[in-house]
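Shown here is one chain on its own, the form predicted alone, set out as structure tokens.
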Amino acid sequence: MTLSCKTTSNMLVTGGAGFIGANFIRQRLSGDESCRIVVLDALTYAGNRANLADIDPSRCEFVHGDIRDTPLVERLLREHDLSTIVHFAAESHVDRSITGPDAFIETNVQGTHSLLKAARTVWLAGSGRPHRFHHVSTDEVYGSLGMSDAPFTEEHQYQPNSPYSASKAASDHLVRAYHHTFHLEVTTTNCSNNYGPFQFPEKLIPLMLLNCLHGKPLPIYGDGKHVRDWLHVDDHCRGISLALDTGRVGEVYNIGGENERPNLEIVERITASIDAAFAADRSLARRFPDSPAAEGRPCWSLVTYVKDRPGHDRRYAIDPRKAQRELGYTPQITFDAGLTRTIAWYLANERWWRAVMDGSYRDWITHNYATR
């Protein structure tokens, strides 16, 4: 079963003030003029109202609330006559899950269950109207690959290795169970590493980029050869919409970038790009005088190798052929183009990232190396 565009036009988007959620909302509203969205976001450290500030409020209503508040979710579904949930809300940073796993269980497991309960009550207890619960997950639920292993398919055994990935695996299983037990109409997408505008600067690309600008160390875990499949957020959001609109109920689709690169190469590319940007634009040296590039020195000089984090997965890679075959999904943004656009966005949006980098965050970065 698939849903018509009309059915999926009005939706509840959880975590819509976060990185991927905000990009999805922007893309969805620009591609569907009839679309109306209600955003439910608790505005934890990674949620930011500014990510939605320039969106027409008549088409995107913001509600400050917790996905664990089941009565609130039920009320929003009823009052706004919503037949679709797109579930982004999650604690998502591996390093934070190692130092504080409780929040990951509470949000990712209990929060997802709360949404499923609300959806079941509103959508199944009444007339049984057409509906869709779309769950956004991660490739990390599959565990780690050897360097010569085939990429993850949807049939790969779950082998989560961090509290974060274990909490996402649990939420995936709950979504599957609500479909098979209660016949809730669900789809799930598992994505690879995202990058792009509005990403909170604890993840690899924005962290390294901003540390280059501030002349701070570029922490590299272990030997820096951990491999990830990099996916531009716009391609990810496009894949989610395809799964939402044309995906088969109960199915899982892996959304990847077909772009495997070791962390060390990513840092090399960022430092070289910042060096080139400073050479081409002298105003950057005035804006960011602490950067080595302001004095004509390479940002690579900031690289610092640090002790590997516990349970660090060696390699992730996504096999997107099922999504290509059934949804017509293919990544459209090359890594070269995507990284160039991302760096340009951060250079042009200094006010945004300075606002999110408050003192407590800077203190956390000082003591925790975030290079997922």
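What you are looking at is a predicted structure, and each value in this text was computed from that prediction instead of being measured. Numbers for residues come from their place in the sequence shown, where the first is 1.
Although it is not shown, the form predicted together with ligand NAD is what the next lines describe.
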Within 4.5 Å of ligand NAD in the model of the complex, all of Leu40, Val136 and Lys168 (non-hydrogen atom): yes
Listed residue that, although ligand NAD is not shown, lies within 4.5 Å of it in the model of the complex (heavy atoms), from Ile55, Ala46, Ile333, Leu339: Ala46
Answer option from Asn194, Ser291, Ser97, Ser114, heavy atom within 4.5 Å of ligand NAD in the model of the complex: Asn194
is_contact(Ala17, ligand NAD) in the model of the complex, heavy atom dist at most 4.5 Å: yes
Close approach of Tyr164 to ligand NAD in the model of the complex, 4.5 Å, heavy atom: yes
Contact label in the model of the complex: Thr107 to ligand NAD, heavy atom within 4.5 Å: yes
Interface membership of Gly65, ligand NAD in the model of the complex, 4.5 Å heavy atom rule: yes
Heavy atom contact within 4.5 Å of ligand NAD in the model of the complex, the stretch among 276-284, 178-186, 81-89, 117-125: 81-89
